[in-house]
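In the form predicted on its own, a lone chain appears below as structure tokens.
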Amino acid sequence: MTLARAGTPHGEVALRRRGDVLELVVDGAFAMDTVDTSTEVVLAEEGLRRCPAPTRVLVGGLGLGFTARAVLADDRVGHVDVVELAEPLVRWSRDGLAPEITGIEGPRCSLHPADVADVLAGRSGPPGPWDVVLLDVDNGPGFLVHPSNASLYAVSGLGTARAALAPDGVLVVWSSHVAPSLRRALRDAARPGDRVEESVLPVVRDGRAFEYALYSLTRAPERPARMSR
């Protein structure tokens, strides 16, 4: 059953209900559902675990809200900015269309209908820097729903995301597949003292085994300025 659908400049977005399962479809392609949300939660947990003081967090992609809720469950987080390209999805969350995406926005969380690439570059939306940036805006570089998202997985886009981090900040990028090209691009975007890691996440869905992956960059801390003589 289709709960709602709406056109956007980037294609149609729709929410569907299959029994107890909520499904998000973007431009006619399956994006995610509630069958297994473990990796969306791990995305948040890994970013928060790697950051000593995750006061400000940016989540790129509202999805079905599981990453944002996992971030808000950490009492160290002061505020979360959730940036979602599809404005109807933000509206449906605010209107309470489905329980899974309702009640996310509040005193510690703001929803922003915008392109996360523009927000990271400082062209729109809330200003950085952030202590943690979590990106789950597409399926990864090998299975893009929106070809325009390719730049987010390139060295230039990852470098922009790195620049939006505070010192000791953490960037984590979700992928629906193991992506060596993304790992290489993240290493090329890194600077001396940064740490880049890959985490492979085995998942079984409907009896089939998949390997999702997380790619993280931890920005080096600021070095104290040298005293001049």
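Sequential numbering from 1, following the sequence displayed. Treat the numbers as computed from the prediction; the structure is a model and nothing was measured.
The form predicted together with a small molecule is left out here; the points below concern that form.
Location of the small molecule contact in the predicted complex, chosen stretch of 157 to 165, 28 to 36, 195 to 203, 49 to 57 [non-hydrogen atom, 4.5 Å]:
Selected stretch: 28 to 36.
Would all three of 65, 85 and 116 be in contact with the small molecule in the predicted complex, where contact means some heavy atom lies within 4.5 Å?
Result yes, every residue of the spot touches the small molecule.
4.5 Å heavy atom contact, residue 136 and the small molecule in the predicted complex:
Within the cut-off, so yes.
Determine whether any heavy atom of residue 152 comes within 4.5 Å of a heavy atom of the small molecule in the predicted complex, and answer yes or no.
Answer yes; at least one heavy atom of residue 152 falls within 4.5 Å of the small molecule in the predicted complex.
My question is simply whether residue 24 lines the interface with the small molecule in the predicted complex - judged by any non-hydrogen atom within 4.5 Å.
Close contact exists here: in the predicted complex, residue 24 approaches the small molecule to within 4.5 Å, heavy atoms only.
Spell out, yes or no, whether the shortest heavy atom distance between residue 79 and the small molecule in the predicted complex is within 4.5 Å.
Because no heavy atom of residue 79 falls inside 4.5 Å of the small molecule in the predicted complex, the answer is no.
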